[in-house]
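Heads up, the chain below is alone and in the form predicted alone; it's given as C-alpha cells.
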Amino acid sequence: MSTRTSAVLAALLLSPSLLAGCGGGGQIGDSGGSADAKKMVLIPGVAAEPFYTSMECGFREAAAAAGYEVDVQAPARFESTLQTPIVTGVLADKPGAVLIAPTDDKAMAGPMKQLKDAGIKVVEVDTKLQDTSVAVSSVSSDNEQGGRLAARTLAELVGGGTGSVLVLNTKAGTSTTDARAKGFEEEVGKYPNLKYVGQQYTDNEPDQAASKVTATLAANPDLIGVFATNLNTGEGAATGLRNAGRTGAVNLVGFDASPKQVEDLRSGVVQALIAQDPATIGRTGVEQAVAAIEGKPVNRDVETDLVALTKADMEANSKYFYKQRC
C-alpha cells in the first residue's frame, strides 16, 4: 500500500462527518459538506419567553453533560420571517444538530429541509412541521390532550354554572396552539352548560388578547370562561378581565406557567394553568439529537407531561413553574 493511499484512508477514517453517517439515520451523500458533530444549536420560537428559557436550561444542561458545544439563537418575535434568516446563518456553520421550534408549520419547511440536506440532524421541540420527513424526532407536550385537560378543568371550576366560553389562540399555523384549541373544542362539547363561542387569534400579542376579551364580554355578557392557549394570550386575557372588572367572575384557564402567570394564579387573577415541562423537552431533544448523530435508534415522536395547576395544589407542583433565567 502506497504512502499516499495510507494517508487518504486515514483521513477518511478520521472524518467526523463520515463516522456520523455510519449506522442508522446516517446522512452519507448529503450535500453541503461535513457537519461539526460536536456542536448543537437551539432555535426557540421567540426570545426571552419563560417557556423557551426553561427549555434552553434543559438543553444546555443535557448538551454540556454529553460533551457538546452549544449555541442558542432566537427571533425577537414568533414569526417565520424572523426565524428563517437565523436558520440560514446556522446552516453556514454546519453544526451536528439543530433543535428548533418552527414558528410556522408550513413556511419553515423549506429552511429546515436545507438543514437536513446539509447533513445536519433536525429535532423539532415544542412545535412541528406538517411535513414529517424533515426532522428525525419531534419532542413536545401532547397538546390536544392539554386542550382537553383545560376543558375538563374549566368545567370543574364552573360547576353547575352556565354561560359562554372563549378560546384565545395565537397565530393560525402554530401546531401546538392549534392542537390545544382543537382538543378544547372537542372536549367542551361534552358539557351542555357551556356554550362554546369559538376561537379568536391574537397574533401572539398580549394587548390583542386583552382587546379580544373586552370585545367578547360586550358581545357575550354571559361569558363564564376563557381558555388562553399560551403564555402571551393568558397574560393578555388576565389584563382584559382585570380592566373589565370581571376577574374571578370569568374563569380563566391559561396554558403555561410563566412567573407572571404563576403570580396571577396565586392572587386569583387566573383560576387554573395547564403547565408543560419545557426543561424536559429541551433535555429529551438533546438525547434524540445525540442518538441521531451517533447513528443510534431515535424516537420519532416523544410526548412530555402536562399538569393542571390550581391555587390549591400549585406549590406542590412548583417544579412545573417556568424560569426567566438558567
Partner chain sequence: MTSLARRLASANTLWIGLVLLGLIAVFGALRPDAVLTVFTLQTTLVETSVLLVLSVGMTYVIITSGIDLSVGSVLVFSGVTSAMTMNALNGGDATGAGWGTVLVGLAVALLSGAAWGLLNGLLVARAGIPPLIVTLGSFGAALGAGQLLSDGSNVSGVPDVLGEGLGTGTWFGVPNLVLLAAAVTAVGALVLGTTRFGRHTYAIGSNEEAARRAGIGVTGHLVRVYLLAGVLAGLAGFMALAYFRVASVTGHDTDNLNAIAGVVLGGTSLFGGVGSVVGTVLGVFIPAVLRKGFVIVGVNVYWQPIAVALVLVAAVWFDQSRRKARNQR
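Positions refer to the first chain, counted from 1. Rigid core here is just the name for the largest C-alpha set that superposes within 1.5 Å across the two forms. What you are looking at is a predicted structure, and each value in this text was computed from that prediction instead of being measured.
The next section is about a form of this same protein that is not shown, the form predicted in complex with its partner chain.
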| item | value |
| --- | --- |
| Any non-hydrogen atom of D93 within 4.5 angstroms of its partner chain in the predicted complex | no |
| Partner contact for A155 in the predicted complex: its partner chain, 4.5 angstroms, heavy atom | no |
| Any non-hydrogen atom of A48 within 4.5 angstroms of its partner chain in the predicted complex | yes |
| Contact test in the predicted complex: E205 vs its partner chain, heavy atoms, 4.5 Å | yes |
| Stretch from 140 to 148, 73 to 81, 110 to 118, 127 to 135 whose residues place a heavy atom within 4.5 Å of its partner chain in the predicted complex | 73 to 81 |
| Of I224, A179, A244, I86, the one that lies within 4.5 Å of its partner chain in the predicted complex (heavy atoms) | A244 |
| Residues within 4.5 Å of its partner chain in the predicted complex, restricted to 201 to 232 and counted by heavy atom | Y201, N204, E205, P206, D207, Q208, A210, S211, K212, T214, A215, T216, L217, A218, A219, L231, N232 |
| Rigid-core frame, C-alpha of R242, shift of 2 angstroms or more between the shown form and the other one | yes |
| Q200 C-alpha relocation of at least 2 Å between the shown form and the other one, rigid core basis | yes |
| A172: Cα shift of 2 Å or greater between the shown form and the other one (core-aligned) | yes |
